[in-house]
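Take a look at this single chain, the form predicted alone, given in structure tokens.
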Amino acid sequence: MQSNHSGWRIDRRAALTAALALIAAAPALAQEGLGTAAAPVEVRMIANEAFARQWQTAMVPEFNKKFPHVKVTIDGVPYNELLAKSLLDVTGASPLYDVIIADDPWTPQLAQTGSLLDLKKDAAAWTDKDFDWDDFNAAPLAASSWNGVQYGVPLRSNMLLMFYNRTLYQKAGVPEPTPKLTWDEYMAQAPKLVQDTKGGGKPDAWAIGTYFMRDVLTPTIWQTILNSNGGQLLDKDMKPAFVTPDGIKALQTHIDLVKFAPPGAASHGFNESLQAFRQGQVATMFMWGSVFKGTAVDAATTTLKPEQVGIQVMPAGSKGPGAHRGIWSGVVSKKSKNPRAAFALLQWLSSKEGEKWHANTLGVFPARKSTLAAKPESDWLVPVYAALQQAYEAAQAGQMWRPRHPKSDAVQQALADETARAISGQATAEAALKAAAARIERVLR
């Protein structure tokens, strides 16, 4: 009897010791994979050099306030080299990078290698219960989805939007644009927006600045017009679907815009159209919304004031307003040695807390509905948030984005080449689209 009682006391003592050990170990277990003061972990990211340094100097210290034992190194790479280097690394035997920051059309190319984590499955156990995937607008979240798998999260959201100079509109006697403005109405107003504002006897202000040169982003202008009328680049069988009356009219509208643009506009792209608008030379600009701060707020880069610059969705077609998606997303390599820490970085930056910090501190556009519905710290973001929400909804409804295919770059290059021929007068809109369709069929065959 005594022996049994002693054994019971020993068992009880052992059980209590084991329980205390588990309790003591719980914090360490909870933080497994996130490093310790004695043994920090490293996460390496490859990103566009346009914002990599800003993230390294401003974002990483903020992230480390919550995750002090995760060392983050961000390597900036020129845009035109980023996809190739990312593909080479993620498919290598020992990848250098844990996190890849991918442009909107790149997820299919990266995902088809089988080298990315499925964040909703593989990282489910690491996902905070209040992360709330459903809070993201569908359009930006879909940029890093492929074949039903969510490979990434939106980190730097962007949309093609319409900027307008209120001063030039007033001088021309043209009513300010609204989201109900149609393409036909805009084209009818364009001649009035070509003005002699200084009395010199010749125009010194024009209607439009946007992409016209041979550039992979130039086709997004007429593609947006096509989408706003219900058309698509590719059908459900991934065959060209744009050689239609609506497609030809959309490209012809893009071509006709040159008539109301500054001299030499056929060779203008991002930099030239942006400079013309910031110098008060054009009344409207079809451009990525992320340039708003440098266009309307930052006196070091623009001659305009915030009250002079309006922003909204692009003109409407028969199905609704126009927009075009451009989202930078973060994905995690399956071969990462520290996948939990890599996902912790992406999760924090795209969380409700992190997204608000990112928007209010760096002016980066959010993807979450809750962020866009809240009042931002900077007043200049208020009209931008309204335009972004409208654009996300328009893009989702009209599938307004570049081709979703592992060979999307080749498709976009064919569109860029043939669009340039049409704008320069070397081919009609119809002939250019037929040539582009033939090239794309060969690429996708």
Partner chain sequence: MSTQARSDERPTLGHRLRIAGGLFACAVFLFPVAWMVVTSFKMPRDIFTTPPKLFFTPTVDTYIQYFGHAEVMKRMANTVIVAFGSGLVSIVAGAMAGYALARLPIRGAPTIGVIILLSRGVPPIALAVPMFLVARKLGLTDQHITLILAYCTFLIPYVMWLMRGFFLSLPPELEESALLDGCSRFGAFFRIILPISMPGLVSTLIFCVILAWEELLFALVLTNRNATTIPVAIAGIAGDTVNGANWGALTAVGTLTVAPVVVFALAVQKWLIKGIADGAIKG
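If you're wondering where the values come from, they're calculated on a predicted model, not measured in any experiment. Positions refer to the first chain, counted from 1.
Not on display, but discussed next: the form predicted together with the partner chain.
Participant: With the partner left out of view, is Phe270 within 4.5 angstroms of the partner chain in the model of the complex by any non-hydrogen atom?
Facilitator: Flag for Phe270 set to yes.
Participant: Even though the partner chain is not shown here, does Phe136 get within 4.5 Å of it in the model of the complex, heavy atoms only?
Facilitator: Judged by the heavy-atom cut-off of 4.5 Å, Phe136 is well away from the partner chain in the model of the complex.
Participant: Given that the partner is absent here, does Phe67 sit within 4.5 Å of the partner chain in the model of the complex, heavy atoms only?
Facilitator: No.
Participant: Looking in the model of the complex, any heavy atom of Asn48 within 4.5 Å of the partner chain?
Facilitator: Result yes; Asn48 sits at the interface with the partner chain in the model of the complex.
Participant: Counting heavy atoms only and using a 4.5 Å cut-off, do Gln223, Thr361 and Pro383 all touch the partner chain in the model of the complex?
Facilitator: Heavy-atom distance to the partner chain in the model of the complex: none of the three under 4.5 Å.
Participant: Heavy atoms within 4.5 Å of the partner chain in the model of the complex: which of the stretches 390-398, 58-66, 375-383, 40-48 has them?
Facilitator: Result for this chain: 40-48.
Participant: Of these, Ser370, Thr197, Thr73, Gln252, which has a heavy atom no more than 4.5 Å from the partner chain in the model of the complex?
Facilitator: Contact check passes for Thr73.
Participant: Only one of Gly201, Gly148, Pro78, Pro245 comes within 4.5 Å of the partner chain in the model of the complex by heavy atoms, so just point that one out.
Facilitator: Only one option qualifies, and that one is Pro78.
Participant: Taking only heavy atoms into account, state which residues of 272-288 are within 4.5 Å of the partner chain in the model of the complex, ordered by sequence.
Facilitator: If the 4.5 Å heavy-atom criterion is applied to the partner chain in the model of the complex, 272-288 yields Leu274, Gln275, Arg278, Gln279, Gln281.
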